[in-house]
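A lone chain, given as structure tokens: the form predicted alone.
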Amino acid sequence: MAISIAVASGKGGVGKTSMSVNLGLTFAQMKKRTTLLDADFGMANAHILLGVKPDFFISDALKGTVSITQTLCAGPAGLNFVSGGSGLIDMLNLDKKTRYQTIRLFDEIADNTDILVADVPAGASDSSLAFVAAADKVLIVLVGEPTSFLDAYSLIKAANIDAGLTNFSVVVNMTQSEAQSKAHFEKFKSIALRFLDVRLDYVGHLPLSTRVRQSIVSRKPISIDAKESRENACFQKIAKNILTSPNNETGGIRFFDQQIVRNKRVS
């Protein structure tokens, strides 16, 4: 059964897309059939980090000119990639119906997918919350700054109140050590749990790294270009911890809705 993971952040600039790309590649290297969705529609840039050039975008599938399967672009390590497209003005503000249609498109690849990683837009917009709420697991990317804490708290609060989500995994990016990252997490957790009835699980960290920056510039993700690196070991730990983290169980629109998938098989 396919599972979905939304990678989210309260603000931009915290390394969310790099985290999504390398996490997807890490799952692929773990022999999981993995699809990465760049859900930052109209402003998508995950393809740049991957070093690939998609022929089709999610907008093409929504128009019905191609199927979602045809939008799949082959990435490194066997990763499948679906681009949200960049510079597509009509994709910047999706209405509720279009968001629902987008989520349902992925039912078509349920039988050929183990893990869907969705890189959702930063912040707590309607589109961000829709994709976060549709995922089984939510990974919040955090950095040790007050603005990141505040914005991540706002995102978790909105997801909790509006969509009923209670389980969130947290990864701390750009830290000097794991001890420092755990300290940042505990501080954030103490603030959040003071006001919210949610569960926050620490799933790992990524160090402040010149190699990560260089991998972004060179379009060679560090998870495949430096397999023996400290950074790659961190991604592997994060991936394993996410898979054992608790799912969110809500009654709303979901990726890979099992009843809908079963009905499609029968028909």
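For clarity, every value in this text was computed on a predicted model and none was experimentally measured. Don't overthink the numbering: it's just position in the shown sequence, from 1.
Below, we turn to the form predicted together with a small molecule, even though it does not appear here.
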Requested in this report: Would you check, heavy atoms only and a 4.5 Å threshold, whether residue 212 touches the small molecule in the predicted complex?
Outcome: yes
**Report entry** 4.5 Å heavy atom contact, residue 248 to the small molecule in the predicted complex
**Finding:** no
Query raised in the report: Could you tell me if residue 252 has a non-hydrogen atom within 4.5 Å of the small molecule in the predicted complex?
Result: no
**Report entry** Proximity of residue 173 to the small molecule in the predicted complex, heavy atoms at 4.5 Å
**Finding:** yes
Query raised in the report: Should the three residues 136, 164 and 239 be counted as contacting the small molecule in the predicted complex, with contact defined as a heavy atom within 4.5 Å for each?
Result: no
Query - Segment that reaches the small molecule in the predicted complex - one of 51-59, 29-37, 64-72, 202-210, heavy atoms within 4.5 Å - result: 202-210
Query raised in the report: 122, 115, 79, 129: which sits within 4.5 Å of the small molecule in the predicted complex by any heavy atom?
Result: 122
